[in-house]
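Just the one chain here, the form predicted on its own, laid out as structure tokens.
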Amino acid sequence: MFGTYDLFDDVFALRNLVDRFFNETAFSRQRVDFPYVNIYEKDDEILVRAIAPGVTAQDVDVQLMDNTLTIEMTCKEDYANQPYLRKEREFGTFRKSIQLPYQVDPNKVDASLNNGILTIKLSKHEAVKPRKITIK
């Protein structure tokens, strides 16, 4: 009829209540590190598009090492001497590393920056391209 009181039951219940609060409210957002990217695959090519508002080509560093593409950019504050009425963009240096699904040819990488969109085209390495095998 009467059970024993266990303090840990209350602690776990409080923890579950707090977890549920942060998971079900506007405070919970999936955090994605800047720069935001979309990655596409078409035939023998990977296309990476990253958002880069207010960034010039001199502020961007793109590196390819093994199967990892690293994008580093510096977003400079555009209103240094004026107070903001509202500030939603972040400023500073940002870095994102993307693990590529297969080996790419380092000699066939093309990067361009146009209207705040960084576009990087990567081609599959010959070693990972499928080969037609003739049957004798």
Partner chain sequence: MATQLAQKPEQNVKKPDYVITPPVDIYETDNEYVLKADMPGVAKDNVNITFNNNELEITGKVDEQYTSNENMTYREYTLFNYYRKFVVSNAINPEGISASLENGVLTVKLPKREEAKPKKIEIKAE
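Numbering follows the first chain given and starts at 1. This is a predicted model, so every value here is computed, not measured. Between two forms, the rigid core is the largest collection of C-alphas that superpose within 1.5 Å.
We do not show the form predicted together with the partner chain, though everything after this point is about it.
Checklist entry - So which of I39, L64, A111, V60 reaches within 4.5 angstroms of the partner chain in the predicted bound form, heavy atom to heavy atom? => result The option sitting close enough to the partner is I39.
Next on the checklist: So, I117 and the partner chain: in the predicted bound form, are they within 4.5 Å at any heavy atom pair?
Outcome noted: Yes.
Checklist entry - Closest heavy atom of P106 to the partner chain in the predicted bound form, within 4.5 Å or not? => result Taking the distances in the predicted bound form, the answer for P106 is no, it never comes within 4.5 Å of the partner chain.
Next on the checklist: Although the partner isn't part of this model, could you tell me whether R89 comes within 4.5 Å of the partner chain in the predicted bound form, counting any heavy atom of the residue?
Outcome noted: Heavy-atom contact with the partner chain at 4.5 Å: present for R89.
Checklist entry - Wondering, does A50 line up within 4.5 Å of the partner chain in the predicted bound form on heavy atoms? => result Answer yes; at least one heavy atom of A50 falls within 4.5 Å of the partner chain in the predicted bound form.
Item to check | E88 C-alpha moves between the shown form and the other one by 2 Å or more, core aligned | outcome: Comparing the forms between the shown form and the other one, which are aligned on their rigid core, E88 does shift its C-alpha by 2 Å or more.
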